[in-house]
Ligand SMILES: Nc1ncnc2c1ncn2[C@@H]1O[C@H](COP(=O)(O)OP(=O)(O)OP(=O)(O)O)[C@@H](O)[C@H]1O
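The form predicted alone is given below as one chain in structure tokens.
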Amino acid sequence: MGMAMAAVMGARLELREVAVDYGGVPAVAGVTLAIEPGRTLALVGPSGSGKSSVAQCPNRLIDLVAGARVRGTVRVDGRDVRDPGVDVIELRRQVGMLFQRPVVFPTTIARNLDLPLREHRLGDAATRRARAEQALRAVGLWEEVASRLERPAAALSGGQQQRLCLARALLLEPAVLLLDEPCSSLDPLAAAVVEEALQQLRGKVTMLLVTHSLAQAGRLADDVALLWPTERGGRLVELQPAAEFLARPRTPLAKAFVAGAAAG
């Protein structure tokens, strides 16, 4: 029996006039975009354009940043994530996140997967073990770790740790995955394996991918949004299907960005 996730096509993610500042210093200026269920949007742009700030809004992780203030509306399947009735723990189950550097719990591989399931009261011990195996298989990690589940997760390589973090997010059957430069701290081989795992999820979950690599955006994303830094914070300057954006950027800034990435 496959994970219910296989049938999930993801949730619609919508940002409307989202602006972020930190202690009054603007980071994002009124970004509006929508990702349809099961599609992947890559968020690209120069450093300081607010990509990570945007990515931390849908699951309200930005609430944990001192001095952060968010204006505008973020909706997951039509529900405003800042609605007073929203259970933030449940929201973060529905909207999973993978960071630039893998964040494994300082315990065994098995417990890294069991703890979130217990936290959310998802199944008895046998069910949790089965779900953990399915999640590890989904990210291509099962064969590598099946014989050492009781070993420390920190002993895994960086690429394996990142796939363990992805498996941990998938366990909870999220409708949306936020990916903040998930391969940037990995060597090219490990990055390719993580990309392959993400490729397998396309169409099954809605993904917002922050990346500094236009090549990666082209491989993984259906659409590309370009943010650009201004004095009032990062603003959205172009949003196109990925192939169109890479081959025929429309705005002068997008043309410059694509040409600069190609030259680099």
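In case it trips you up, residue 1 is the first one in the sequence shown, and so on. This one's a predicted model, so the numbers in the text were calculated from it and none came from an experiment.
Same protein, other form: the form predicted in complex with the ligand, not shown, and the subject of what follows.
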Is it the case in the predicted complex that Ser49, Val65 and His212 each bring at least one heavy atom within 4.5 Å of the ligand?
yes
Non-hydrogen atom contact Asn59 with the ligand in the predicted complex at 4.5 angstroms:
no
Mark Ala217 yes when one of its heavy atoms lies within 4.5 Å of a heavy atom of the ligand in the predicted complex, and no otherwise.
no
Is Thr40 near the ligand? Define near as a heavy atom within 4.5 Å, in the predicted complex.
no
Is Glu173 part of the interface with the ligand in the predicted complex - any heavy atom within 4.5 Å?
no
Residue stretch of 194-202, 218-226, 235-243, 41-49 approaching the ligand in the predicted complex, non-hydrogen atom distance within 4.5 Å:
41-49
Listed residue (Glu133, Asp114, Glu181, Glu144) with a non-hydrogen atom within 4.5 angstroms of the ligand in the predicted complex
Glu181
As a check of understanding, the residue in Val31, Ala27, Val70, Ile35 with any heavy atom within 4.5 Å of the ligand in the predicted complex should be identified as Ala27
